[in-house]
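One chain comes next, on its own, written as structure tokens: the form predicted alone.
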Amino acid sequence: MAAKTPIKPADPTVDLASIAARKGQIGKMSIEDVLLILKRAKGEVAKGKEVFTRQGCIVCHTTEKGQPLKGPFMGQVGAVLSPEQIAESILKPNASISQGFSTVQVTTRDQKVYVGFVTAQSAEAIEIRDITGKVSRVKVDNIKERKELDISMMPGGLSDALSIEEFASLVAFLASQKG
């Protein structure tokens, strides 16, 4: 009798472009104004956790140890960054890219292009996770060109649709993640 192989649940897929296209209070303000208001706004951690899921953050970020790493781990971000630094990282994702999560573009010999960050690498193949969370495996001998890009995989504008209260709650949730 064959042992049953556990079925891994599919990673959530989220249309990040449609999220970034919506404009709420945050999207109508300058980054400087958002940061000033954030100093007075009180966010709710529980609501921030909901925003983290709804805004698609879960596609690329994990918050609990033991979860498969998809992008920069947020389970201890509150111990490393201040709330202001967290907010700025969300508002300006290209300003600082976490070590090990630089965006890579791979062009294959059969003219396919993959953009994402490398999640696994061996002498035979690399795995690249794209912005939707999809992982592609590319054989090393099929790689024509591999280059690091100066941009973050995290698109700007993902918080633009949020109200000040929602953004403050998202920052409060992340600031509470201290590992």
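Computed from a prediction, not measured in an experiment: that's the story for all the values here. Note that residue numbering follows the sequence shown and begins at 1. The term rigid core refers to the maximal set of C-alpha atoms that superpose within 1.5 Å between the two forms.
What comes next is about the form predicted in complex with heme C (HEC), which does not appear here.
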**OP:** Determine whether any heavy atom of S89 comes within 4.5 Å of a heavy atom of heme C (HEC) in the predicted complex, and answer yes or no.
**Re:** yes
Subject >> heme C (HEC) contact at L38 in the predicted complex, heavy atom, 4.5 Å >> reply: no
**OP:** Report yes if any heavy atom of H61 sits within 4.5 Å of a heavy atom of heme C (HEC) in the predicted complex; otherwise report no.
**Re:** yes
Original post:
Should F117 be classed as touching heme C (HEC) in the predicted complex when contacts are defined as heavy atoms within 4.5 Å?
Top reply: yes
Subject >> Proximity to heme C (HEC) in the predicted complex (heavy atom, within 4.5 Å), stretch among 147-155, 134-142, 23-31, 120-128 >> reply: 147-155
**OP:** Just give me the residues of 81-98, first to last, that have a heavy atom within 4.5 Å of heme C (HEC) in the predicted complex.
**Re:** L81, I86, S89, I90, P93, S96, I97, S98
Original post:
If we fit on the core, is the Cα of G116 displaced 2 Å or more between the shown form and the other one?
Top reply: yes
